[in-house]
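Before any questions on binding or motion, here is one chain by itself as structure tokens, the form predicted alone.
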């Protein structure tokens, strides 16, 4: 389909397409053969529906034929993927470096045997952790605890904060007999009435503890018991930022004042705040941003009140913002006490300060050594191909394109925003947003929604400027024909 890109008309807002630096594992454009979901996808959905809930299934995929920035479905439809498995594919589909890793006989044992890492780790585990996770450790952190996914990473990070807080309260003495006996019947002091402060619009996962700090969609929380923990407002910035400097500064100050008030209030209620958890960009909640100054001042509030400061980088970590960790944009030497991760890092876990090192964080697998192998190679590719610089270039082109589309369609689009390629734009209402997502998919571009009416852009790190122009042309075509 060499000529496919020529079929998409170049529109006035688009700059001249960048020269293609062809990747051997990438296609040259979308190719749509059926409606989506197509007949084969519908058949498979019915088959799976007899086994489990398929309410969220979009379509079935042919991962063998997917390449680079393109996802292929089982009906042969090829889509430019700007959603990348909910932002979890770091360097595209079937990257040659990862396929080569699979063919190395020295790696077979790592793939075949999955150990219980907490008790029986393999010989090369310390070296592989150093090569992968420790080589990109956040500032000031030299310890990392591996886990399997984002939710369990946050869940165990919360436990670590609670244990740290209680150790401080006890003066680091051995837990008492009363602590031992009461914890077994879910009573204080063994099960202390502590809390974690989170923010409205946050998403930290769907396990029980995480769900108490998740406030993005009703469907996540409905009918599930939860904890009485404080919820602070997250700043609602006005765009364009340069036109609302004063208003946004006042909004951030209001939210920070509320954070302090809630910490005091919960202490008075007998439920002290052991930790504060926050995302550098609230992704699921609508791609909500705040200024570096907001996060720096929030970090100071945590220190002032003796709370652990947990930065959840499950969605933002791995390079999509143009820096490996989104919190690097804050310019801090000591940004956090705990930084959790998953998604683009292919495994889960959290980095932490030395003092947040409890023995009692444990489960059977505690991660998967094979994922550290993959991550090491992903990091090699990122460095070798300067992908963070690529993300910055592509992100600038994407955001500028969204600004121009927003000016062209002011009745539909607003609040274009982003860092790197981690971008979003608001649609006039949720129903229109959902229609646009479907129409874009029908034209071969896979996008995702977030919040009430936003579209989020989450390409892989191998997303180039010419992919940006292809995306913008198709997105513009959808908007131009929107009724």
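Positions refer to the first chain, counted from 1. Since the structure is predicted, the reported quantities are computational estimates derived from the model, not experimental observations.
Absent from the display: the form predicted together with a small molecule. The rest refers to it.
The candidate spot formed by 149, 154 and 343 lies fully in contact with the small molecule in the predicted bound form, as each residue has a heavy atom within 4.5 Å of it. For the small molecule in the predicted bound form, the listed stretch (312-320, 243-251, 294-302, 185-193) containing residues with heavy atoms inside 4.5 Å is 312-320. Interface residue among 81, 279, 287, 73 relative to the small molecule in the predicted bound form, by the heavy atom within 4.5 Å criterion: 279. With the partner omitted here, the residue from 275, 205, 201, 369 that has a non-hydrogen atom within 4.5 angstroms of the small molecule in the predicted bound form is 205.
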